[in-house]
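Listed next as structure tokens is one chain, alone, in the form predicted alone.
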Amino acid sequence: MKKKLKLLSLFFVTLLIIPVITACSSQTKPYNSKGKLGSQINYTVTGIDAGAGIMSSTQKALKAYGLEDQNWQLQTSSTAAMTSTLDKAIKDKRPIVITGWQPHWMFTKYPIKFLKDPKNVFGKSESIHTIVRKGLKEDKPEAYTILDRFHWKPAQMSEVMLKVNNGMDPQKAAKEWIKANPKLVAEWTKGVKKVHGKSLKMTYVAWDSEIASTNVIAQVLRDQGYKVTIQAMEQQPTWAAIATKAADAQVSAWLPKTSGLYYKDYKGRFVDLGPNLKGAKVGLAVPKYMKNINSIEDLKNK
């Protein structure tokens, strides 16, 4: 009797395990270049926060390229969730389509590529601008001058982003970068007088790129004598804070596309100091091992 019960137990355990193994194996199937891509990923583009400009552009792209007609959909998540999903997919060489932007550490860490956008839905390239409140030049001229001079390159931003992604505190990563780049920082601060404890508030969108840039310039301003506080917000409140003078500055305005709506809505209520970084790009991206997927149009045809 005991032997029969034991055999029955093993039988039922096996029944439970087999579906789990089957489910796991279906999730880890590598990319099949001969099969239809859509069915392999449930016709899903893995996105980020709903309020991000790239999400709005992606919805427009799905419509412009006729992907909506094939039931393609955009999945809302977060930057952290998206990059985690990307990491797991690449480890198993599974297919995935994501909303991507550069500069970002994922383009350094992972073998991924942008898809061509022949309809130019996402725009050719963007710049990240520094936006300050009206009156800052008169109230805090030292901060205004440094913010106006602030500029760097995508590769330099990526250095900070990678450190933060690897677990380093953003403020510590900023300090290390500043220490390693004294000549560039000196360009921003040359001839600017030190201040003593003046307060300054910065807002930013909590994207990896903006975490990097905001912490770097905030630390430079602290070294100049300012008491700087930084606060993460969604895009709309970030612009509203500058427009209402609740905050002094932000260095995270992707233009002309990503932040274009807010730039238009609040025009005349802020000062645009111009680009602090040029050559930024947004669009859809896939792993490089998906060799036959090179354009957004390929999502429909492959």
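Counting begins at 1, following the sequence as shown. Only a predicted model underlies this, so the values are computations on that prediction, with no experimental measurement involved.
The same protein also exists as the form predicted in complex with a small molecule; that form is not shown, yet it is the one meant from here on.
Participant: When you measure heavy atoms, are Y144, I217 and Q250 every one within 4.5 angstroms of the small molecule in the model of the complex?
Facilitator: No, the candidate spot makes no contact with the small molecule.
Participant: Is there a non-hydrogen atom of E159 within 4.5 angstroms of a non-hydrogen atom of the small molecule in the model of the complex?
Facilitator: E159: no contact with the small molecule in the model of the complex.
Participant: Given that the small molecule is not shown alongside this chain, does T258 nevertheless sit within 4.5 Å of it in the model of the complex, heavy atom to heavy atom?
Facilitator: Result yes; T258 sits at the interface with the small molecule in the model of the complex.
Participant: Looking at the partner-bound form in the model of the complex, is S213 within 4.5 Å of the small molecule by any heavy atom?
Facilitator: Residue-level check for S213: no, no contact with the small molecule.
Participant: Using a 4.5 Å heavy atom cut-off, state whether F150 contacts the small molecule in the model of the complex.
Facilitator: So F150 does not count as contacting the small molecule.
Participant: Out of A243, V45, I48, L277, which one falls within 4.5 Å of the small molecule in the model of the complex, going by heavy atoms?
Facilitator: The residue from A243, V45, I48, L277 that makes the contact is I48.
Participant: For the chain seen here without its partner, which of 250 to 258, 37 to 45, 63 to 71, 264 to 272 has a heavy atom within 4.5 Å of the small molecule in the model of the complex?
Facilitator: Going by heavy atoms within 4.5 Å, the stretch is 250 to 258.
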